[in-house]
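Take a look at this single chain in structure tokens; it is the form predicted on its own.
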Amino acid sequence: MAGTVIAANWKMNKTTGQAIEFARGLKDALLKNPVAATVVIAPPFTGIGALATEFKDSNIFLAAQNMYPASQGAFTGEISGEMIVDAGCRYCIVGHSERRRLFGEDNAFINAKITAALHYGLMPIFCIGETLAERNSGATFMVLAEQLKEGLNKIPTNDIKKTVIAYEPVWAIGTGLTATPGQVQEAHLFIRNLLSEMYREKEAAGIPIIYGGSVTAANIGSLMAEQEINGALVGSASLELASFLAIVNFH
């Protein structure tokens, strides 16, 4: 049975001071009212070091929003998996639709990132999802299958157990549009069944499949009521502490 993961993707938001203020409030709230879900925060790179100090000895984990697959070298502006681990991260978001769309990252490059992340002991939060045009043309499952198979190419069974899959329909990210719980459940079930074909059913059953796409405190309960939705990758609703706490405490 897959565990529940609630991850905050802050994107290009929050100074280090703002991040620390949020972190202290979150840590105090979860200390008073613990939750069963694994809580992950993905701040900008500038905030990772400070939050690693704040979250030390807590049950809150850090994720990087991106990484480069090479271990070192002349890659100005990039960060390696080793550096991310050294800074205090346990997770790394890989394949986010904004990286695909704005920075031209393809499935092969994303596969190289996943491979490198796992090599350094990071747990990838691997994002896949279709555009509105692809959904309207009936290509959703074809797109998901291609992204999943190519993104996980040559990833062994032992490593797939350390991976989180995030279904994020591109048309629902930052638009205010949210896939219905039924649409998300259908996509997640397809992903789960495909993982069972690619790996063993036992391993596939333990992989958290989370949803990202305009998740809010108002819709998290109905989403989490679906059997195959194991959590959420939260964007703008994770920037305010009260809003994120309401999502984390979805029960």
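Numbering starts at 1 and follows the sequence shown. Not measured: the values here are computed from a predicted model.
If you look for the form predicted together with a small molecule, you will not find it shown, but the lines that follow are about it.
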**Item:** Residue contact check: S243 to the small molecule in the predicted complex, 4.5 Å heavy atom
**Value:** no
**Message:** Quick check on V215: any heavy atom within 4.5 Å of the small molecule in the predicted complex?
**Reply:** yes
**Asked** Looking at the partner-bound form in the predicted complex, is K11 within 4.5 Å of the small molecule by any heavy atom?
**Response** yes
**Request:** Verify the contact flag for A23: yes if a non-hydrogen atom of it lies within 4.5 Å of a non-hydrogen atom of the small molecule in the predicted complex, no if not.
**Result:** no
**Message:** Please pick out the stretch from 167-175, 149-157, 108-116, 128-136 that is in contact with the small molecule in the predicted complex, where contact means heavy atoms within 4.5 Å.
**Reply:** 167-175
